[in-house]
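Coming up is one lone chain in structure tokens, specifically the form predicted alone.
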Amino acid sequence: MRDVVITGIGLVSSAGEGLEAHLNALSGGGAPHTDLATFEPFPVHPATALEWDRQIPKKSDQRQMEPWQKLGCYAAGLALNAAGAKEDAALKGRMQLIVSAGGGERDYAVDGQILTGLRNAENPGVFLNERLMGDLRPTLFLAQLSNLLAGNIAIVHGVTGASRTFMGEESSGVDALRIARERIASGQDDIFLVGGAYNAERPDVLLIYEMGGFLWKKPYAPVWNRPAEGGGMILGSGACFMVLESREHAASRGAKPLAAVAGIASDRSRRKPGSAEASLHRLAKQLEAKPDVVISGATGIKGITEDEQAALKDIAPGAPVHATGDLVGHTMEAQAPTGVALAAGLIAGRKASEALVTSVGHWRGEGAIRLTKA
């Protein structure tokens, strides 16, 4: 099995742009930038303002992308830059791509008209079918497909090797990284661009998660403090991409590794009290993890957050635990990649020699990633 290393990271969120800005925010502590007013009573962590032209030069490309696609495309460009691959067309031509992404954004005007009309419709089922067939244009639907982000990265940045898009909220981020690592380790492929993106500033996703009872509806509070007051997550807009490659491949092109990805494990437990805790114990044992720092993707949701806290006390006794939710908010598909990026940054900066990144999904899915010195 070959060693797998991270050679480039691109990261954007409410904490700023680039890995250095995020590491500074992590060491500085304090509350992340929070918007309490736009979607009241639901706080969100909005992404920092970006100069899109720096990574997406064509205005025509920018216009046809939704915010989550622009965030992802921008972060992908940063990662290619950091890995020294941005100007190497031949390398990008064989570089493979794995994206973790949700569904596209909706036409709020059409949704509003349909919901309003349903109240007084004589036959709601017939009314709904007629409006869906007449008002939702096929071109609009195509623009919302989750694999559009991968397509845009291929068009804008020229990454044209094999492409995969995973859906499935937090677990998709874990598995995007896992599949990339396993393919490199086994010798099937040499280099991948992998990551995810999320736009939290959307009424439709806030509605969906609130219907499930998952959202925090008070002013910002740290992730670990929320369960005592009922629990809930604060969504964040952001994106994270990174370049993964074999150690030999990185050396052959003179790329300096930030950290090694020693192992990735995922699980999908049937959630009941204690199941997330047991799952994390299994995953850490499988990875033989002995971390001196933990980057947790904890949501703040009651039950699973306390489960994770209990597990981490056993898995990493005495190690500092940082919650990505306290830095960037909960970025769903981008959550696990963001945790890995921060862990790699700490290892590269000699603040840690081994890190464990956890991902306990708000509804289903558990994951753990072990990083070591490169």
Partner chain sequence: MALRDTKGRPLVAVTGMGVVTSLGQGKDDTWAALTAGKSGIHRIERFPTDGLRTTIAGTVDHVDVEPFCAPVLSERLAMLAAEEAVGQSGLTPGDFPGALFIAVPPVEMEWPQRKALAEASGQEGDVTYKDLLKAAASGAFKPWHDLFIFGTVADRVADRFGTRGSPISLSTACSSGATAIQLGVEAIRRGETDAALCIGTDGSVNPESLIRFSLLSALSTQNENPEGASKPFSKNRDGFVMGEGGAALVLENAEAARARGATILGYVLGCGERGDSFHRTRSSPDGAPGIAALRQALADAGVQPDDIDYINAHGTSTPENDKMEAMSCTAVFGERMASLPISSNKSMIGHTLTAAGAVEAVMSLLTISTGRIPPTINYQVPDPAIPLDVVPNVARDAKVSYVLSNSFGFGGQNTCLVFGAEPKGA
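So that the term is clear: the rigid core is the largest set of C-alpha atoms that superpose within 1.5 Å between two forms. Computed from a prediction, not measured in an experiment: that's the story for all the values here. Residue numbers count along the first chain shown, from 1.
One more form of this protein, predicted in complex with the partner chain, exists but is not displayed; see below.
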{"query": "Residue among 221, 155, 255, 260 with a heavy atom within 4.5 Å of the partner chain in the predicted bound form", "finding": "155"}
{"query": "Position in contact with the partner chain when the complex is considered in the predicted bound form, options 201, 190, 292, 111, heavy atoms within 4.5 Å", "finding": "111"}
{"query": "Answer range among 241-249, 221-229, 272-280, 146-154 for contact with the partner chain, defined in the predicted bound form as heavy atoms within 4.5 Å", "finding": "146-154"}
{"query": "The partner chain contact in the predicted bound form: residue 285, any heavy atom under 4.5 Å", "finding": "no"}
{"query": "Contact of residue 165 with the partner chain in the predicted bound form (heavy atom, 4.5 Å)", "finding": "yes"}
{"query": "Residue 64: touches the partner chain in the predicted bound form, heavy atom cutoff 4.5 angstroms", "finding": "yes"}
{"query": "Residue contact check: residue 303 to the partner chain in the predicted bound form, 4.5 Å heavy atom", "finding": "no"}
{"query": "Contacts with the partner chain in the predicted bound form, stretch 359-374 (heavy atom within 4.5 Å)", "finding": "362, 363, 364"}
{"query": "Core-aligned C-alpha movement of residue 229 between the shown form and the other one, 2 Å or more", "finding": "no"}
{"query": "Threshold 2 Å Cα movement between the shown form and the other one at residue 204, rigid core reference", "finding": "no"}
{"query": "Yes/no, residue 130 Cα shift of 2 Å or more between the shown form and the other one with rigid core fixed", "finding": "yes"}
